[in-house]
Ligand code: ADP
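Below you will find one chain, with nothing else, as C-alpha cells; this is the form predicted alone, and questions on how it binds or moves follow later.
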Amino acid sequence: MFQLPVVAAAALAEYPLNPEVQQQVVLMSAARAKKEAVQKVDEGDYTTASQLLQTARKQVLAAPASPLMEQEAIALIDLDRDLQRRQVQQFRKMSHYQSHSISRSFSQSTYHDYQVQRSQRYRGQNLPDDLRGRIEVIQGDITKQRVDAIVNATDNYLSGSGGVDAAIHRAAGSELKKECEQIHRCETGEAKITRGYNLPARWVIHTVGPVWQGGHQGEDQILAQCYRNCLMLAEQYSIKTIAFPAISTGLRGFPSDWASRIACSQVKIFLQRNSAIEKVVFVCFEQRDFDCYLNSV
C-alpha cells in the first residue's frame, strides 16, 4: 500500500511549483477558451469570443516560458485576427487544429528555455566534394550563430510573438520590431530582410512557412519556396553564411522528417548552382528535428 506523508498547509506553500504542470494547466485552459470562443461565435457574440482568446493569451504569457508557450501565444493572436475579420470557417478550422497540435507538441517537449545552447554538430563530412564544408547541422540557439544572416520563421505580420520568432526579437532588441512594423506583411512562402541589430548576425531574413493540412494543400511546395526565396535574398545581399531554423515544424505542424528532406534538398540544389553562398547552417532546437536533419543531409 502506497502512503504519502501529511504536510501542513504552510509547509506545502513553500514547495516550488512544477513548471511543466503549470504549463499544462494553462494549455488546457487555453483549449477550453478556444472551445468556448467557438460557441460564442455560433451565438453571434464575437466580442466575448475575442475577449476569451485575449484572456487566454495573457495567461499563457504569464506562465513559465518555453517555446511551446510562445507558440501558443502567437496561435491565439492568429485566431483572434481571424475572428476580427469574420473569417469564421478559418477560425473554426484553426481552433481544432491548434488543440491537436498543442497536445502532440506538449507530449514531445521538455521544459527548457529556447536560449539553451546545445553542442551536437555535423559538418557534412559525408557530402559530395562540391558541398563538403558548405552545409552544417547543429542543435543549438540560432540567435547566437556568428553568420552573416539568420532566418526567422515568423507569421504574416512579423509580430515576434512566439517560438524562434520571439527569441530572435528578444536578442535583436526593439529596433527589429520597429523595422518589421514598417514591412507590414510577409505572405506565406515569401521572404523579407531586415538588419540584425543586437544579434551577432548582420541580417535577419524573415519567412512564413505553411501550416500543415495533411499534405494536400501544396504545403511541400510552399515550404520549398520559403528556402528558395531566403537563399535568393541572401545572394542578392551578398550574404556568404546563413543559418536556418527548422521552418514550420513547430506549431504549424509540418512533419519534421518531411520538412527536413525539403530543406536539405532545396539547399543542396541551390549551393550546387550558386557559389556565392559559402555555408548554410541548419540550427535545430528540438532533438527530433536534429535527428531528422542528420538523416536528410
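Numbers for residues come from their place in the sequence shown, where the first is 1. Everything numeric here is computed off the predicted structure, so don't read it as measured data.
Not pictured, yet referred to below: the form predicted in complex with the ligand.
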Interface stretch in the predicted bound form with the ligand - options 181-189, 198-206, 157-165, 129-137, non-hydrogen atom within 4.5 Å: 157-165
Can you pick the one in Ala49, Leu27, Ile247, Ile262 that has a heavy atom within 4.5 Å of the ligand in the predicted bound form? Ile247
My question is simply whether Val281 lines the interface with the ligand in the predicted bound form - judged by any non-hydrogen atom within 4.5 Å. no
Within 4.5 Å, heavy atoms only: does Leu76 come near the ligand in the predicted bound form? no
So in the predicted bound form, does any heavy atom of Leu176 sit within 4.5 Å of the ligand? no
Determine whether any heavy atom of Leu83 comes within 4.5 Å of a heavy atom of the ligand in the predicted bound form, and answer yes or no. no
Which residues within 129-158 place at least one heavy atom within 4.5 Å of the ligand in the predicted bound form? Gly140, Asp141, Ile142, Ala153
